[in-house]
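Below: one protein chain in two forms, given as structure tokens, structure 1 then structure 2.
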Structure 1
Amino acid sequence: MLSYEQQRRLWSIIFVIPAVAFFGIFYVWPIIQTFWLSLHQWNIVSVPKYIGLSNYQNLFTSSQFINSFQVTTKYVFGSVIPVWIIALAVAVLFNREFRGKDMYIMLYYLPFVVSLTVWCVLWKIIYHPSFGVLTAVTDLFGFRNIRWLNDPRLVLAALIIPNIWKVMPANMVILLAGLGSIPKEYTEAAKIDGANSLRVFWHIILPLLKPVLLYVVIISTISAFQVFTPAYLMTRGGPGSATRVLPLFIYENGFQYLRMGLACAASMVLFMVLMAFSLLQLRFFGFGKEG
């Protein structure tokens, strides 16, 4: 017979077992597998053959992979930097009481509610070279025959624009919540001391917003690196390889060419980059310095 305390402890353990088993099986085991497979040559049917670091060697000498890496980096920073700036600006603008505030937030938020697949399909139509709305607008301004999705110089921007449009509101709302939690007394006091709005923003609001900013920066960067749906639905990586982003590279090599080992090696590189990036950002924002 178990005592009451023992029973209680037993149930607590039973409650957490599904979670531990789940994350072990569906998160930790696969990442170990990714690493293990990245050291093998495997086409899904054959027996995996150990080839050491050859997959990584092949990756770093393959112009396709280097291209994918560059395209992804451009896409990520081309998206997230404007997103941060616009989201912060809009959040500051919204950080006050005014009539219709809830309605305005809802309108700004609308693109984020639309599912990503729909969003990509919609923008494909907006970009259409003869019947797209955006093409009509650019024609109006004298830019004739812009082919957003067929021009290798424009196509990356054509993927970045809808992404900024869709992701900005989600980040704005988080930043707005962060701004709202800064006590008004702080900014009031500084203003009484004669500091102008810009200085108040730079010296008081920004430092206090740091944890929220850090969260937004890390999460938006990590999710931007995982871009797949837009590249798959809007361009299939084209024209040429101008939008063959890393997740698409992984998908194509793994599931179309059945180069599972190579695809896993590319996955590991992506994983390392994301890890390094999160750590770098944590440092950059001075985490751990102030205790």
Structure 2
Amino acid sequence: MLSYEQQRRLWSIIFVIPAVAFFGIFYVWPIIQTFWLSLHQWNIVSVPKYIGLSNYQNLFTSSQFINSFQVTTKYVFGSVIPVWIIALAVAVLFNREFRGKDMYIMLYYLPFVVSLTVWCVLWKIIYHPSFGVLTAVTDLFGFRNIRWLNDPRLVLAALIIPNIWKVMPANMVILLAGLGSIPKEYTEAAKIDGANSLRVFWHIILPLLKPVLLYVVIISTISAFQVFTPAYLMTRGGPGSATRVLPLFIYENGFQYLRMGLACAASMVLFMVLMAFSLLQLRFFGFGKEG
């Protein structure tokens, strides 16, 4: 007969096994398989041919890959930093009680529930140089027929703006939930001691909100690095290579040019970049430090 503690441990293991199996099958194994394929030359049809690290060597000497990495980095920083700032500001605004608050939150959240494909098509129409809504606005200020999606100087910003608008509501709701979990006694005590609103926010609210901020920062960064649909539907990587982000580079090499080994190598590089950014963010927020 097993003791009570042994039975508890046994049942704990039994209940954990399905989750571990799911994670291993659908997350860990694909990563291992992708790394294995990155060491091969494979066109999907023939048998993979082992070529060692040649795919990685070709990547880091490829001007197209370097350009895609630079474009992706610009897109990520141009997207996530405004999202963090605006989402936090709006969350602080909605953390107060005022008339019609729930209705405003619902309206603010609407862009997030719209399908990403529909959202991209909608913004492609908005950007149209002849009859787009944005064109009608810019014409009033004397800027005629601006080609947002055809000008290399504007096209990346044209992709960033819809992304900020779409992902910001979800991040705001997460931050709003975090703000709601902070006991009001802390902020009230600080105000009684003479702290103004700015000091309360900087010294009380932000430190207590750190775990939620970390989650938002990591998730939004990973999501931005994985951008594919806007670049594919709105520009197809153009004009030229101005919006050929890494996921689009991977897709083209893997499924259009049938260079699956090279695509897998690019996927592994993207995976390592995401891991590095996540670890840096953990370090920046002070998690994992002793004391």
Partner chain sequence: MNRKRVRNAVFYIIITGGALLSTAPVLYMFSASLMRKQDIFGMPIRLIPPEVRWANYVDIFTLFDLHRYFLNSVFVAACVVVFNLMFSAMAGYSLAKGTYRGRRIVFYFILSTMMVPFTVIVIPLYILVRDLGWLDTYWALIVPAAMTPFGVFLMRQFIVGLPDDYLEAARIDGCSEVRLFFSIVLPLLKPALSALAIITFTGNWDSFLWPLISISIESLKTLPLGLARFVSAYGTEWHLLMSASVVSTLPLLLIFVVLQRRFIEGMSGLSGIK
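Counting starts at 1 with the first residue of structure 1 and goes up one by one along its sequence. The shown structure was predicted, so the numbers you read here are calculated from the model rather than taken from an experiment. Rigid core (definition): largest C-alpha set, two forms, superposition within 1.5 Å.
* Tell me which of the two, 1 or 2, is the form predicted on its own. => Structure 2, which is the form predicted on its own, differs in this respect from structure 1.
Quiz item: Taking the chain as two rigid parts, each C-alpha given to the better-fitting superposition, do F22 and F131 go to the same part between structure 1 and structure 2?
Solution: Different rigid parts.
query = What is the rotation of the smaller rigid part with respect to the larger, given in whole degrees, between structure 1 and structure 2?
reply = The computed domain rotation is 18 degrees.
Would you look up how far the C-alpha of I14 moves between structure 1 and structure 2 when the rigid core is overlaid, in angstrom?
-> Its C-alpha position differs by 7.3 Å.
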